[in-house]
Ligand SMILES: C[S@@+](CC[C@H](N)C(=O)[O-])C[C@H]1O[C@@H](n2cnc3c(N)ncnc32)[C@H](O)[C@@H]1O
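As a starting point, one isolated chain is supplied in structure tokens, in the form predicted alone.
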């Protein structure tokens, strides 16, 4: 499980430092997500869990008349996103260190809400989605991506047989984590205030390494980002070094023509705000 406290600390810092690699890993998905976003109307855009800002910036480039606000609970990621937004003025793209469950944009309600894998970590999903619905514009639309089942995402369990067990999974009604939104029925229960949900399955190549030494590049990525990173950190000294050697062997088996790419599977979810919630 990756909760909000980790995103505000170690995990957020790692993603901020590694935004180039994380953007690369999601590149195949990002193209499909931006294409789905392009089919929806809206000029006041809110990017939820914006991370280092790639989706916010992509939407701004595609919509010259849009005002885009990206929010994230990681101050480190917001700082990275803000640095990347230098090509846009503050009136076009801005980033805020904020919680989606309490955020209220003083500039006005969003009519298009988007997210690349930023909605699966809410501690209280119905509460957050309900808040977003109540503060959205009439007939607002939402488009976001989330992982499908763990067994469809090889990158997640690539080192499972090598590393020590991770922390026990959260067994609550709304467990947070990368695969929390894998089940569409569960997502429907989470999305209070939203209706007309649609789930489009998308497959993409999760690129973990490339370049002259793609194996070393991928290993550097996996030791900082993803489920293996925290488990590897529990090892020290010689055990840590031996584990890195064994992980490198696993990675090398998936290197093809200078690229370490692994199967990944996601949903692209679209929804419309429930008018009954908006009228409350």
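For clarity, every value in this text was computed on a predicted model and none was experimentally measured. Residue numbers count along the first chain shown, from 1.
Here the subject shifts to the form predicted together with the named molecule, a form of this protein not shown in this document.
**Q** Go through 182 to 190, 200 to 208, 155 to 163, 97 to 105 and give me the stretch that gets within 4.5 Å of the named molecule in the predicted complex, heavy atoms only.
**A** Selected range: 97 to 105.
**Q** I have 44, 109 and 137 flagged as a candidate spot, so tell me whether each of them has a non-hydrogen atom within 4.5 Å of the named molecule in the predicted complex.
**A** No, the whole trio is out of contact, none within 4.5 Å by any heavy atom.
**Q** Of the residues 146, 71, 93, 133, which one places a heavy atom within 4.5 Å of the named molecule in the predicted complex?
**A** Looking at the other structure, the residue within range turns out to be 71.
**Q** Looking at the partner-bound form in the predicted complex, is residue 219 within 4.5 Å of the named molecule by any heavy atom?
**A** No - in the predicted complex, heavy atoms of residue 219 and the named molecule never come within 4.5 Å of each other.
**Q** Consider residue 15 of the chain shown here, and say whether it contacts the named molecule in the predicted complex, taking contact as heavy atoms within 4.5 Å.
**A** It does: once the named molecule is placed as it appears in the predicted complex, residue 15 has a heavy atom within 4.5 Å of it.
**Q** Considering only heavy atoms, tell me if residue 59 and the named molecule come within 4.5 Å of each other in the predicted complex.
**A** Taking the distances in the predicted complex, the answer for residue 59 is no, it never comes within 4.5 Å of the named molecule.
**Q** Applying a 4.5 Å heavy atom distance criterion, does residue 194 contact the named molecule in the predicted complex?
**A** It does not: once the named molecule is placed as it appears in the predicted complex, residue 194 has no heavy atom within 4.5 Å of it.
**Q** Taking heavy atoms and a 4.5 Å limit, what residues of 113 to 130 are near the named molecule in the predicted complex?
**A** Contacts from 113 to 130: 116, 117, 118, 121, 122.
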